[in-house]
Every structure is written in C-alpha cells, then in structure tokens.
Ligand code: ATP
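To begin, one chain is listed below as structure tokens, in the form predicted on its own.
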Amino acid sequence: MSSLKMVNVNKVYPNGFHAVKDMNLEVKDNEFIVFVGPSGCGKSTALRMIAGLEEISEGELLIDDEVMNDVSPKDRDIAMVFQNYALYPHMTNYENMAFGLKLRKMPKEEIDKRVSEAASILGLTPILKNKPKQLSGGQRQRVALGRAIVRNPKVFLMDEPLSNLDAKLRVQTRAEISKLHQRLKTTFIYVTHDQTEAMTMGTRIVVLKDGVVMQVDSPKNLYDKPENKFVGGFIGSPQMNFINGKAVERGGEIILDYLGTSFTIDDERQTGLRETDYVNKEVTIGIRPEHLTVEITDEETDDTGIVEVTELLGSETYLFIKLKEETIVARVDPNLDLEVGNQVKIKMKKDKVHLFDVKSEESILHKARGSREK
C-alpha cells in the first residue's frame, strides 16, 4: 500500500518567486492522479518536490505516513519518467533498463528477471539489444517506462511523458500507460498541460493556476461541476463560453438577461441564485459549446447571430458566431447545413448553464451546495 500526502507545501525560489502555494493533497494507494494546468502553474515543480529534485520551502511531504522532506531522491522509492526520456545513448535498451538495479547491486538473475518481465509488458523484448538512437520516439518512451517499472517503486512520477510524440503515438501511448496502471496496481502521479490526457487517464485531477490548487476532483465532476470560472474554462474543448449577464426575477421566476435578450433557467439554478442572494445581481454565464443548439433563421431578433467561421473536424463542426459584441463558439453536428454568413438562432440548454460570481469567479451553484452542507 502506498499513500502520499502533501500538507501546506510551498515552494519559494531565492528570487522570491512563489511557485507552489499551500498545496494540500492526499493520494490514495493505486490512484492515478494528474496535475494539469497552463505553463508556469507549478505542476512540474510540485512533481519535482515529490521526487526530491526540488527542496520543499515549507510544509510536509509524507509517503506511507513517513515524512520525506529530508530523504534523498534515491531513498524515496519513487521512479520518475521524464519528458525527454533521459536514456543513455551508449547503452543498449537492456542496459538502460537495468542500470538502476545494477547501482543497487542487485543479483544478475533478479535483474534479468525484472527486465524481461518489463520488456514483455511493454513489447520491448525484440529490441532489448538495440540502442536508443535506433528507436522511434514511442519506443524510447516505452524503454524509459520500462526503466521505471523494473524498480517496483511505491509511486510512479511522470512529467509530460508524451509531449515529444506525434498525435497518433500520443493516443496510443496514453492507452498503454492507462493499461500499465491497471496492471501494476501502483500509485501514478502524472503531469500534463493537455486536458484531454488528464480527462482520459486520471482517476482524479488536480487543476493548478499560478501555484494554487483550483480544484481536485474526478474528470466528470470537473466537467459537470467546476468550482470556479478558471476550471470551467480550462476543462473542455473548445473552452466554455462566458457572457456577462444579470439574474432578474420576473413573475416569480428568475430570468437571465444577457446581450439584450432573456433566458429561462431550470429550478436548480433558480434555487441556487436565491440561496446565495444573487437575485437582481450581475453574474457571469458559462455555457459549453456542446450545450448550445443552433438553427438557421430569417427572423432577426436579439438572440440571433451571424456565423463568422466554420471548422469541420469530421465528426463535429465548430461554429464561431457573432452575437452582438460577443463571439460564441458552438459545437454542432457536421451534417447541419451551415456556412459563413448564415443568420442563426442560438439556444442554451437550461440545465447545463453555469453561473459564476463576477468578482470572485466562484461557481454560484458550488457556493449554494456548500452552504447546504454546513
């Protein structure tokens, strides 16, 4: 069993840059945790602190309830897979995979056994005698994975391991890493800036921004129940549309006014706005492109717009629609006969609308759920 805990972990560099701020995280045995966020958000720094490659400025790192702050990287029983593979070019693939075990003075029979097992799992057996320069990027990445597997570590750490691969290989290797996690039944912590990787691989995802944890949750909850505007916009592709609006009560119902038009929302959202005292206040409306319906219309009204750009992706089409001063993105069926210049009517699915505080950017529905639980 391998659990990992970060308690109020901070990283401050000598120049004063605060890379990671009060990070609290509990990783259970056999979880696949993904750190995701834009460049410079602190995800790789957090991973390197876990590995012991960066010193923790403040707070505690525990593995199996043992404080690791001052334990050297080699004694943490952690294996790390890097973005650039970090293979020795003069060694064969076998020697690269066996190198760490030889340093530990492990018996040759045990080394042979572990390397053979890892090579079999990763399909590397036929190329063990080759050197890294003779391999494709995907094969080199599998050798780097094999070098980590042979150590039987408590925790696997992976720092953007797929970023040097082409699109097809990324998809293939992504699936291989997920299968590897299921087979090894070990804790994985994985860093990526690619939210598709995060959503498809992680049992839980840690979303970071400017060194601060924005939300830790399952992929489904991050998509359906973002706790703030940043998470709502970061998770999902194309990203969520954001529109300034106002929650107004009319005839006993709460209506959203935006861009000169009005929109009725469902009971859950009306209740949330009432409970958090947002009636007759400005709000930020969030709606995902896939939760918009679009139809051609000859009638010019406040909720009609003009299609400015179409992007056909085969199984779906992205429409960029000019609605007053805003550009709204909709994801629609490619069979819809829509082209640039069409006038269209846009409708939001009322049970899929997200509402955020204009200043704090916190989700109003999340706020309402939190107040109910107290």
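Residue positions are given as counts along the sequence shown, with the first one as 1. None of these values were measured; they are calculated from a predicted model.
The same protein also exists as the form predicted in complex with the ligand; that form is not shown, yet it is the one meant from here on.
Q. Open or blocked: the ligand, posed as in the model of the complex, superposed onto this form via site C-alphas, with 3 or more ligand atoms within 2.4 Å of backbone or C-beta counting as blocked?
A. Open: no clash with the backbone or C-beta atoms.
Q) Going by a heavy atom distance of 4.5 Å, is residue 45 a contact of the ligand in the model of the complex? A) Contact with the ligand, yes.
Q. Would residue 39 sit within 4.5 Å of the ligand in the model of the complex, counting heavy atoms only?
A. Within the cut-off, so yes.
Q: Using a 4.5 Å heavy atom cut-off, state whether residue 25 contacts the ligand in the model of the complex.
A: Close contact is absent here: in the model of the complex, residue 25 is far from the ligand, nothing within 4.5 Å, heavy atoms only.
Q. Taking 4.5 angstroms as the cut-off for heavy atoms, does residue 353 touch the ligand in the model of the complex?
A. Residue 353: no contact with the ligand in the model of the complex.
Q) Which listed residue (160, 197, 303, 217) meets the criterion of a heavy atom within 4.5 Å of the ligand in the model of the complex? A) Checking each option against the ligand in the model of the complex, the one that comes within 4.5 Å is 160.
Q) Taking the ligand in the model of the complex, which residues of 8 to 22 have any heavy atom within 4.5 Å of it? A) Result: 13, 15, 17, 19.
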